[in-house]
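The chain that follows stands alone, in the form predicted alone, written as structure tokens.
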């Protein structure tokens, strides 16, 4: 990995064209400004410096993109799956070729540390390759014979879909949604988050260079209440895949109700990591720290609630506090940095508001709880101790490098605390008792659970949550369940008796 000065120099070259031309929409195979000519400014959270202007789209731009996706749908749907596979693999190749550009631009646009984002583009390429290989078999179904019929099933792409992606690791999460949609045979209108628009434009360029037909994938930038709302309400958009806050997911469901929009939501989390006294405590400590403080804590799967058995709590929390105070906060393009700045002042204000709230609720701040520096949106990694699960710091998603620690006495108490949350995305259980692990994971209310591990993503497995953490699943064929319709056809195998009426 290059040093800070080298990375800054490379970044300057990559961003020059965006500073000159801005970030535009891409509709029907052509780059274009918003039809109204409106733009908004995009700044880096590192030092609040200007990056570029961005097209501020409204309903007219979304309508143009939706019409382009609708016009392109038939040919893309009917293209042989092996041809779609070739195109998606070329997109993956293009991502790999521009991986350094993507990583540096994403770090500057979002504040994420390069040590984590340097591999994000390669993960994104893996997403495209995985679903590219599934494209030829996407429509495969089952044969289900009965006494009178040969029943067969098949799958067909649902049509043009809207994809709304967030500002945390935006490039990788965009590919996570767009790749299966394209592999299924759907066309796409993508609206990236307004706080991090740069790499979505790079991804669009890569797709065009790979030979993706015009209109199959359209990019519309803008604000959620303008472009996002228009997309969720558009009658030609058959489904919305959204990653973001639970409150926004609820709004999208309401906006899509009149057009009976299918929705897939990957929403918030307040995920517990439960450490029993028989666990490998050194590994549990490493995993707990990694899952809350990596990616600036701005991840839906972060282990933001730590539940430690009381018999080991004092020693475990002492080691944890020491480690948290040693985490390196700094420039995101410095390879040594572990935590960069939060995405935006709006989010910085939200995260830091919990520091006084924790004190007022009676918790202690064992580490952090303050701003770092006087430029950019840097926050010290923070640890709350002495908390109880009824506190706001234990119930509300903070979405930053902030961990709330609690203790428990028994397995039943740990389960009660873990499930006492409006969210249910992930859970992390640390124990060497196999039967306890089986009992606990069976009763834990979460869509994904890891035992004696941090979050290790495996693409064929289902990804998603329960309760306020989402609807639906990504990964493997679970993605196709959303982007495709099941169809049943029954063929009579003989002349079975048909009831006669009015004969």
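Numbering follows the first chain given and starts at 1. These figures come from a predicted structure and were not determined experimentally.
The form predicted together with a small molecule is left out here; the points below concern that form.
Next item on the list: Could you spot which one of 282, 314, 78, 225 gets a heavy atom to within 4.5 Å of the small molecule in the predicted complex?
Entry: None of the others qualify; the residue that does is 225.
Item checked: Option touching the small molecule, based on a heavy atom within 4.5 Å in the predicted complex, out of 413, 236, 97, 245 -> Partner contact (heavy atom, 4.5 Å) among the options: 245.
Item checked: Site test, 274, 421 and 432 vs the small molecule in the predicted complex, non-hydrogen atom cutoff 4.5 Å -> No: no residue has a heavy atom within 4.5 Å of the partner.
Notebook entry, point to check: So in the predicted complex, does any heavy atom of residue 266 sit within 4.5 Å of the small molecule?
Noted result: Contact with the small molecule, yes.
Notebook entry, point to check: Taking heavy atoms only, is residue 126 within 4.5 angstroms of the small molecule in the predicted complex?
Noted result: Flag for residue 126 set to no.
Item checked: Contact label in the predicted complex: residue 194 to the small molecule, heavy atom within 4.5 Å -> Yes.
Notebook entry, point to check: Can any non-hydrogen atom of residue 397 be found within 4.5 angstroms of the small molecule in the predicted complex?
Noted result: Judged by the heavy-atom cut-off of 4.5 Å, residue 397 is in contact with the small molecule in the predicted complex.
Notebook entry, point to check: Can you say which of 387-395, 159-167, 97-105, 114-122 gets within 4.5 Å of the small molecule in the predicted complex, counting heavy atoms only?
Noted result: So the stretch in question is 159-167.
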